[in-house]
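Single chain ahead, written as structure tokens, the form predicted on its own.
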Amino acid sequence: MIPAPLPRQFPDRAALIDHVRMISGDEGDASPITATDLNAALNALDPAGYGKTRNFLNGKVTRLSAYIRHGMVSLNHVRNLALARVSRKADAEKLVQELGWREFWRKVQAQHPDWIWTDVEAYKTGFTAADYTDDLPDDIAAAETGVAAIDDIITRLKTDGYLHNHLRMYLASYVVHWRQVKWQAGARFMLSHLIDADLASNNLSWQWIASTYSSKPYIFNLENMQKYCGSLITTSAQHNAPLDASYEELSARLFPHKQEF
């Protein structure tokens, strides 16, 4: 017997959500993203502005990651739209590169699915994997580390389900290098809160930060956070002492067995 086709028309979003819950058996909350929001994000796409300001917390980022993750728009569509919005292809280069990285992570996952939760290489930090803690500390999960900028980032993640890419990098680096926690624990935590959670992009990026899929660990300092975040998160030296040092000082402190990379 051929099953009856699924209904396509509903009186409102609540009715649609109720129907999906009924047929799926999933009582979880529905994603807040909608087609209306997607259209607004596509209309606001500014490839040149993205290229110039994407590293800043208030920069012209696309906020398209959730829609790409859930199949509401394709990477190719965003690429073509970006190229159509600029008079010189070079003005869309940074945005197209980031779309390319997303596709690259997907292909790496397809060819090496075992890499998603397993170290691709050894840590380049002077430590072995056995030196890192398996579980995420409770104070990190609760946004109670005492490092104000990090606690702001964690709170934003748990509240919004989204983080600017620079904040994702800061949090991952803090978890792995300041707290010496295995990247897998941090990756699981971030995946559990992100609306745009993409397994390949998330986990392979954590490996890049950790140095198990790159030539050196990624670290940052408070000066870098102040430059790119401004007053949008708490970046005062008084409340972020563990981050307030030069890169040379942090490298010596965090990686005492290997200070050059």
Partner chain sequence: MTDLIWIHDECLRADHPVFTEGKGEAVFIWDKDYMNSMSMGFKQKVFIYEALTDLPVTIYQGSTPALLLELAQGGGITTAASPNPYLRDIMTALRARLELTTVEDEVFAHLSGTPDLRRFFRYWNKAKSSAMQPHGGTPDLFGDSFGRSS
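Residue numbers count along the first chain shown, from 1. Superpose the two forms; the largest set of C-alphas matching within 1.5 Å is the rigid core. Predicted model, so just to flag it, every value in this text is computed and none were measured.
The form predicted in complex with its partner chain is left out here; the points below concern that form.
Chemist: Quick one: of Ser231, Asn58, Asn43, Ser215, which gets a non-hydrogen atom within 4.5 angstroms of its partner chain in the predicted bound form?
Modeler: Selected residue: Ser215.
Chemist: Counting any non-hydrogen atom inside 4.5 Å, which residue from Ala143, Ala129, Met169, Met72 sits next to its partner chain in the predicted bound form?
Modeler: Selected residue: Met72.
Chemist: Is there a non-hydrogen atom of Gln238 within 4.5 angstroms of a non-hydrogen atom of its partner chain in the predicted bound form?
Modeler: The answer is no: Gln238 has no heavy atom within 4.5 Å of its partner chain.
Chemist: Glu93 near its partner chain in the predicted bound form, any heavy atom under 4.5 Å?
Modeler: Close contact exists here: in the predicted bound form, Glu93 approaches its partner chain to within 4.5 Å, heavy atoms only.
Chemist: Closest heavy atom of Asp160 to its partner chain in the predicted bound form, within 4.5 Å or not?
Modeler: Yes - in the predicted bound form, heavy atoms of Asp160 and its partner chain come within 4.5 Å of each other.
Chemist: Arg79 versus its partner chain, in the predicted bound form: is there a non-hydrogen atom within 4.5 Å?
Modeler: Arg79 belongs to the contact set for its partner chain.
Chemist: What stretch, of 171-179, 98-106, 145-153, 130-138, brings heavy atoms to within 4.5 Å of its partner chain in the predicted bound form?
Modeler: One stretch meets the cut-off, namely 98-106.
Chemist: Could you run down 181-203 and flag each residue that has a heavy atom within 4.5 Å of its partner chain in the predicted bound form?
Modeler: Counting only heavy atoms within 4.5 Å of its partner chain in the predicted bound form, the contacting residues of 181-203 are Arg188, Leu191, Ser192, His193, Leu194, Ile195, Asp196, Ala197, Leu199.
Chemist: If we fit on the core, is the Cα of Tyr247 displaced 2 Å or more between the shown form and the other one?
Modeler: Superposed on the core, Tyr247 moves its C-alpha less than 2 Å between the shown form and the other one.
Chemist: Taking the rigid core as the reference frame, is the Cα of Val20 displaced by 2 Å or more between the shown form and the other one?
Modeler: Yes; that C-alpha moves by at least 2 Å between the shown form and the other one.
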